[in-house]
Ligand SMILES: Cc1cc2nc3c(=O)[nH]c(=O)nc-3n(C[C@H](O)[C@H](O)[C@H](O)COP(=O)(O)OP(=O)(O)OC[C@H]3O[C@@H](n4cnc5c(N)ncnc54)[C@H](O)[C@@H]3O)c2cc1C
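In structure tokens, one chain follows: the form predicted on its own.
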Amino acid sequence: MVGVSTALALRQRGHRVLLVDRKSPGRETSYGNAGMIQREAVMPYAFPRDWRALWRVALGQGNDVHYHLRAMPALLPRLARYWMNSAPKAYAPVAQAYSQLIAHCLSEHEAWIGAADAGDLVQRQGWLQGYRTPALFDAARAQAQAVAQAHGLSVDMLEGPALSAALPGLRGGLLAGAVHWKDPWSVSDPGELVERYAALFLRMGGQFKQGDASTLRQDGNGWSVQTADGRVEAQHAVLALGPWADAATRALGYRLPLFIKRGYHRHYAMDRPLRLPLLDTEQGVMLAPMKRGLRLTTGAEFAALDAPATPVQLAQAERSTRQLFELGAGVEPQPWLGARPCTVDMKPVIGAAPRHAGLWFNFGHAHQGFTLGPASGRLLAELIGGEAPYVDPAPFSPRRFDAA
């Protein structure tokens, strides 16, 4: 989503643009997500500060986090910085900057959805954040109302009959209540939306070739990359590589504080499809209605990018979801596995590479790459073209890590 959106924004401004990918657009991280454009996500995912929660994770209790022990020595220094940036004093400016960018997610997607004739994929009814425990629901109610008031968002609280009406087929008594975030949109096939954006890019005169970013080289006053049709040269190159950004930038001499969170999904048949996506908050599983069935998506798995799959969270997610709904068989024989690209300060990296002329970065969106693709693509296109940026780019600049 981020790469295709950046290509669209650049082409819209008259640049000659070649989009290079080793696969077809929409087949990697942007395929395997909950499919939501999360206007309400003004507060990026902070590292838990409660030591009891951290202890539960360390002991492997709960289902929202899973980790590979062998990956932790490499991850711990970055997770420590993530934890420090989640402290209230450090987190406040992070959330402030983040909210300024995500405020534009719907309007920026809306333009491309219309131009790509993709309205049939989009539902504009929000999503539900469900709670099984009354005390946790009461706490979430207060927090959601405060966030909504501070950021001009629309939110409802659903209990009893209202909750049952919103979730036909829900087994009674298992959810104490749900926060209904009404502003976000949901997409019935995230990968297909990226494909339609890519098709629009081609109709606008953009080009696509298969290639590998590992072949990117600085070449005189510009850049070159090897594609299936030969080497291509350009004045500028944009790295929008999601979870592969760390390896690509390291090859160029950068040591950005990046890490990944892996995640799984699988589709299940369902006789009574959900009308709205539902987060079973205490179980750490998102239930997202999709074209292929009900998609169950998991929380975070901390592991090496190429480590073997360990879908233990998905197995638990299936068991907990069957407590709530009548769930059919899995559609795919094996679950999908992907990775979310993250930074230690929870903000994406958008802007000029500090030490290479003509090289630009657009990655590190964590859980919100699908949401923020068009918004961050526009910002980067404005920077490349020398336009006045529509939001302050400084909080997202790659140079923010220089002092560290």
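Numbers for residues come from their place in the sequence shown, where the first is 1. On a predicted model such as this, the values are computed, not experimentally measured, just so you know.
The form predicted together with the ligand exists for this protein as well; it is not shown, and the discussion that follows is about that form.
Participant: Though the ligand is not shown, can you say which of F137, W244, F325, F259 has a heavy atom within 4.5 Å of it in the predicted bound form?
Facilitator: By the 4.5 Å heavy-atom cutoff, the listed residue in contact is W244.
Participant: Work out which of D212, E110, E318, E192 lies within 4.5 Å of the ligand in the predicted bound form, going by heavy atoms.
Facilitator: Looking at the other structure, the residue within range turns out to be D212.
Participant: For the chain shown here without its partner, which stretch in 362 to 370, 43 to 51, 61 to 69, 347 to 355 has non-hydrogen atoms within 4.5 angstroms of the ligand in the predicted bound form?
Facilitator: Result of the contact check: 362 to 370.
Participant: On the criterion of a non-hydrogen atom at 4.5 angstroms or closer, are E28, W336 and R340 all touching the ligand in the predicted bound form?
Facilitator: Yes, because E28, W336 and R340 each have a heavy atom that approaches the ligand to within 4.5 Å in the predicted bound form.
Participant: Is there any non-hydrogen atom of G377 lying within 4.5 Å of the ligand in the predicted bound form?
Facilitator: Close contact is absent here: in the predicted bound form, G377 is far from the ligand, nothing within 4.5 Å, heavy atoms only.
Participant: Might Q313 be said to contact the ligand in the predicted bound form, defining contact as any heavy atom within 4.5 Å?
Facilitator: No, no contact at 4.5 Å.
Participant: Please determine whether K23 contacts the ligand in the predicted bound form, using a 4.5 Å cut-off between heavy atoms.
Facilitator: Contact with the ligand, yes.
Participant: Residue-level contact is defined here as any heavy atom of the residue lying within 4.5 Å of the ligand in the predicted bound form; does Y82 satisfy this criterion?
Facilitator: Output for Y82 is no: heavy atoms all beyond 4.5 Å of the ligand.
Participant: Who in 250 to 267 is close to the ligand in the predicted bound form, meaning a heavy atom within 4.5 Å?
Facilitator: G263, Y264, in sequence order.
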